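Here's a solo chain for you in structure tokens, the form predicted alone.
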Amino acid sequence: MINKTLERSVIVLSWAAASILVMSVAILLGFLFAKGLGTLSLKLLFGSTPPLAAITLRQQVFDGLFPAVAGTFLLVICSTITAIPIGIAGGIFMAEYAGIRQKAFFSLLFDILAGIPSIIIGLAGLSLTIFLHRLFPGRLGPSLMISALSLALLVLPYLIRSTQNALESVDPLIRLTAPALGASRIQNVVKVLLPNSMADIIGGIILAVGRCAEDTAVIMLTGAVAVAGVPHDPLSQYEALPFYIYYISSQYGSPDELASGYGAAILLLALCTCLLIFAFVIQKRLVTLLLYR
């Protein structure tokens, strides 16, 4: 009787927690769309610039959010491309090659790095920017490259941990089959362990994509500015939606400007949703390809 009562209590509490979470998200999204849905238009994105001319980069957009959308997209792509190889390699080392003492030391190190506030990562990126600017005067400064490297450092512990946990959770029978047939350790990792854990690894990458897209503190200190246009190279300054939302919410001069901040938040949600859907599709295709090749 006590066990049944406890089980029912846990079920009720679980449903209550899930309901509160769903209601909170629904209220937040409802408020956001109520405030910003009316601002969504081509004018919000491109201002007075013809859309085709803006997309083909023939004209700069100075009164729309297209440069911020493009800057956010490029920032996410550059940071994840930088972090993924290092994160997966670090996870493989932790799961398959590190000894007990090495694993304990690096686990503590990665946990500390994961707990560092993003503003500290931003200050580290700012310090790197100042150092490079003094080393190469007039050539290097706050830029998309520095922001991407800083965000890569921010998400690196999550990628390493997710890769490590994915590899260590592979069934022992699958793990031991290839070595029993004479395969080397690297062959076992590449041909057996990675294909069987790829779904979980890409899940960690998806979380990293979302973290890169929403962070403001890092990019605010390393290269994001209010008006920069679409970046033409990695050493250019850029605009980003999180920075624009922060800037407008703190310094808006009229209700219309504040409403454009809500519209920018909706665009950021849409951009993150598209990136996550794209990553999810890649996950399904890649897992199918690796398991049934």
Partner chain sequence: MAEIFGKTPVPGSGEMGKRTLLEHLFTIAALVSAVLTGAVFVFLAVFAIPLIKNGLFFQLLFSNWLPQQHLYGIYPMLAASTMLASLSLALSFPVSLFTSFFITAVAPRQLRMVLLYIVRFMTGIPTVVYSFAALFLLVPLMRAILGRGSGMSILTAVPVLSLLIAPTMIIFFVNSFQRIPSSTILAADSLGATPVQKVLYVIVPQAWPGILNGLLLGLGRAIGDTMVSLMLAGNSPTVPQSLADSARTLTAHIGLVLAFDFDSMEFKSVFVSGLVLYVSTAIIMSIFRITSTISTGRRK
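Only the largest set of C-alpha atoms that superpose within 1.5 Å between the two forms is called the rigid core. Only a predicted model underlies this, so the values are computations on that prediction, with no experimental measurement involved. Positions refer to the first chain, counted from 1.
The same protein also exists as the form predicted in complex with its partner chain; that form is not shown, yet it is the one meant from here on.
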Tell me, yes or no, whether Ile160 is in contact with its partner chain in the predicted complex, where a contact means a heavy atom of each within 4.5 Å.
yes
(Q) in the predicted complex, does Asn196 come within 4.5 Å of its partner chain, counting heavy atoms only? (A) no
Q.
Is Ile205 part of the interface with its partner chain in the predicted complex - any heavy atom within 4.5 Å?
A. no
Margin query: Whether Val281 contacts its partner chain in the predicted complex should be assessed with a 4.5 Å heavy atom distance threshold; does it?
Written below: no
Applying a 4.5 angstroms cut-off on non-hydrogen atoms, the residues of 3-40 near its partner chain in the predicted complex are Asn3, Leu6, Glu7, Val10, Ile11, Leu13, Ser14, Trp15, Ala17, Ala18, Leu21, Val22, Ser24, Val25, Ile27, Leu28, Leu29, Phe31, Leu32
Review point. Does superposing the core leave Val227 with a CA shift of 2 Å or more between the shown form and the other one?
Key: no
Checking the C-alpha spacing of Ser19 and Leu207, a student should find that in the predicted complex it changes by 3 angstroms or more, with the atoms farther
A change of 3 Å or more separates this form from the other: in the predicted complex, the C-alpha atoms of Leu207 and Leu13 are farther
